[in-house]
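One chain comes next, on its own, written as structure tokens: the form predicted on its own.
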């Protein structure tokens, strides 16, 4: 027993000296050897039949387990708002993000900022000069600098009660190859997009140099070439995780063919670059197909070494994840029971990872 304790204490000290982001990167890489993690956006806040019930989760109501990955949204923090664009209080986002990390889960943040030029929403694409104007020297550069400061100030609070910084995935300016956000490819040049990414990343890395695992995630494309992909890719030195956002909006055949094409390209690109891949957003709106999880989505995920897949949020009018009142419940249980789908209990202490303990906090390698 004494030998084991000494070994564990030595390992704990080694872990503490490793930056949090490096520990999370190692963890993502290691877990890929066991399967792919299931994630869910806004999982602890609301579901198809409930809202803001302590420790609740549609995923848990169906399976008895939480998602391994939880997604949280920062849109609205740039305005100094108390709630994000989905009306979730930022105090609650902080609380639930920390809570999920302490459970042993992984957290990821997206940011849908308002349009800094027009004052409209993130979907306001009425002006094609927004990105140009937030870059240094632009008319909105000072405003955007303030917005970046507010994002960093909030993310600096994602820490344990002992003050230990918690690592997270940050996924900005996503789905850029569409043109429904003000940073879309029809609204800025490739050079402007990369300059915006670099501006934000450099600022955030200066403020939070050890916390952030950077994720780059285009929307479903279906016909990537390396030349096309590299146009707006920030570079291997700036990206750890390469994602793909893919929803079945049209036919099943188009979705399956497009996603398989994208994941084939992204996997080949990522392997050459030494990067993991993920299905950073996914789903089918309002569960029209009771067998969609195991018949459509899972066979695609099984064929690629994705680290996680994250369906978008659930609420009564629009839902993408599992819930106990949906026709997909039984099929999702089959998805959950598969040996290669990883939920919280599959990735928490004593499963696939080595850990140490410092007070009440889990310290991940």
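Computed from a predicted model, the values in this text were never measured in an experiment. Residue numbers count along the first chain shown, from 1.
Beyond what is shown, the protein has a form predicted together with beta-D-mannopyranose (BMA); the following relates to that form.
Visitor: Okay, which stretch from 29 to 37, 325 to 333, 310 to 318, 60 to 68 lines beta-D-mannopyranose (BMA) in the predicted complex, with non-hydrogen atoms inside 4.5 Å?
Guide: Selected stretch: 310 to 318.
Visitor: With the partner left out of view, is residue 73 within 4.5 angstroms of beta-D-mannopyranose (BMA) in the predicted complex by any non-hydrogen atom?
Guide: It does: once beta-D-mannopyranose (BMA) is placed as it appears in the predicted complex, residue 73 has a heavy atom within 4.5 Å of it.
Visitor: Can you tell me whether residue 112 touches beta-D-mannopyranose (BMA)? I mean in the predicted complex, with a 4.5 angstroms heavy atom cut-off.
Guide: Because a heavy atom of residue 112 falls inside 4.5 Å of beta-D-mannopyranose (BMA) in the predicted complex, the answer is yes.
Visitor: Might residue 85 be said to contact beta-D-mannopyranose (BMA) in the predicted complex, defining contact as any heavy atom within 4.5 Å?
Guide: Residue-level check for residue 85: yes, a contact with beta-D-mannopyranose (BMA).
Visitor: With beta-D-mannopyranose (BMA) taken in the predicted complex, which residues across 120 to 152 come within 4.5 angstroms through any non-hydrogen atom?
Guide: Contacts from 120 to 152: just 123.
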